[in-house]
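As a starting point, one isolated chain is supplied in structure tokens, in the form predicted alone.
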């Protein structure tokens, strides 16, 4: 293995000479993610503050005059405006107003007869301001409904509890940590696979097809290092790059997300109310969860490294190598997106599908639903797949036709 380690050292020394690649591979993620997440947090808070501070513009059609006093009572949250020109729905889409409310023309008569009447609201589901206006109108009408019901009960001298036979009290058994863990577990395996493959692909092309173009591969083969160790050394180098890139990206992302979550919790809660949520979130970063997740990454990274080395060494040049390996990115993206699909963890066959079972195992670790039999199957299958791929790569790349392909 001494020869293989020398090859790894040689490749890392060559990589260190390329300062641009070093910066974009290892330094940029440490700058990019904190910048992106801090901007997202600030923009989100500013946008929410602006929406809440402004009254919602509502066009009201109320022939009976029952709802107008309810919506117009507080001008700070709801502002009744005249009808805009043209189609009302188009005006909502154009953000000329947030909501259109139409009250049943016979609302006053039905209210007197103790009958139910309708309030129709037209809004834009895709617009946050329109959804906020709808929530405000619903709250205003719910408060007024209580007043009307109370008057009815008082008229018949009945208890106010008559209108509320039951009261449902809820308690979250999962907690904030489980909810966020499920969300993280959905896209974390996808990010891991993308980072490892894309991060290792370019260095893998450079140390295989790139060496053919530069003419240094022939010089390397004339040394006393066995060809098998040269191949293993390059494999270990590409594998190391993939793991390092994934870890750096994940560390930067986790640090940035923790700051964003802490900021949101501080913004939404005051004092001691934020502490239980923070305790649940801290459980996500436990050494056991992170360690078991990283253990699954290692054989998966080795599998990707074998694929990259195999495609790179058999290519005539870097352009051909890039063309051959680029479809692998789309395959990884497809597997990652598929692993994010809701309800996928309920598929009975999935724990036995290579690569996808790694995504499932990490997803369950972060959602605190770890199934250690499925985890053992995923780990065993991935190790076996990586070992098989290493054996195939070593045999194929020992052939003269692969090394000297022109």
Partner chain sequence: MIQITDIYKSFIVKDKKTRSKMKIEAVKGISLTVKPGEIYGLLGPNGAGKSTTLRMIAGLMQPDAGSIEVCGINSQREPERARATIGYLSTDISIYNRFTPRELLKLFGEFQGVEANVAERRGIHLLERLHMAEFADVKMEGFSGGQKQKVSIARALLHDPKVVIFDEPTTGLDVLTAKTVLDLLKIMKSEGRTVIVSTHVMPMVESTCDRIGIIFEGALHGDASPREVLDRWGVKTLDEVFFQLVADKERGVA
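Numbering follows the first chain given and starts at 1. Computed from a predicted structure; not experimentally measured.
Unshown form predicted in complex with its partner chain; subsequent notes refer to it.
Within a 4.5 Å heavy atom cut-off, is residue 15 in contact with its partner chain in the predicted complex?
Residue 15: yes, in contact with its partner chain in the predicted complex.
Might residue 288 be said to contact its partner chain in the predicted complex, defining contact as any heavy atom within 4.5 Å?
Contact with its partner chain, no.
Determine whether any heavy atom of residue 166 comes within 4.5 Å of a heavy atom of its partner chain in the predicted complex, and answer yes or no.
Outside the cut-off, so no.
Would you classify residue 136 as touching its partner chain in the predicted complex, given a 4.5 Å non-hydrogen atom cut-off?
No, no contact at 4.5 Å.
Quick one: of 316, 106, 146, 93, which gets a non-hydrogen atom within 4.5 angstroms of its partner chain in the predicted complex?
Checked against the cut-off, the match is 316.
Heavy atom within 4.5 Å of its partner chain in the predicted complex: which of 226, 327, 82, 75?
Exactly one listed residue reaches within 4.5 Å, namely 226.
If we take heavy atoms and a 4.5 Å cut-off, which stretch out of 151 to 159, 218 to 226, 96 to 104, 111 to 119 is in contact with its partner chain in the predicted complex?
Going through the listed ranges, the match is 218 to 226.
Where, within 154 to 168, is there a heavy atom within 4.5 Å of its partner chain in the predicted complex? Residue list please.
Counting only heavy atoms within 4.5 Å of its partner chain in the predicted complex, no residue of 154 to 168 makes contact.
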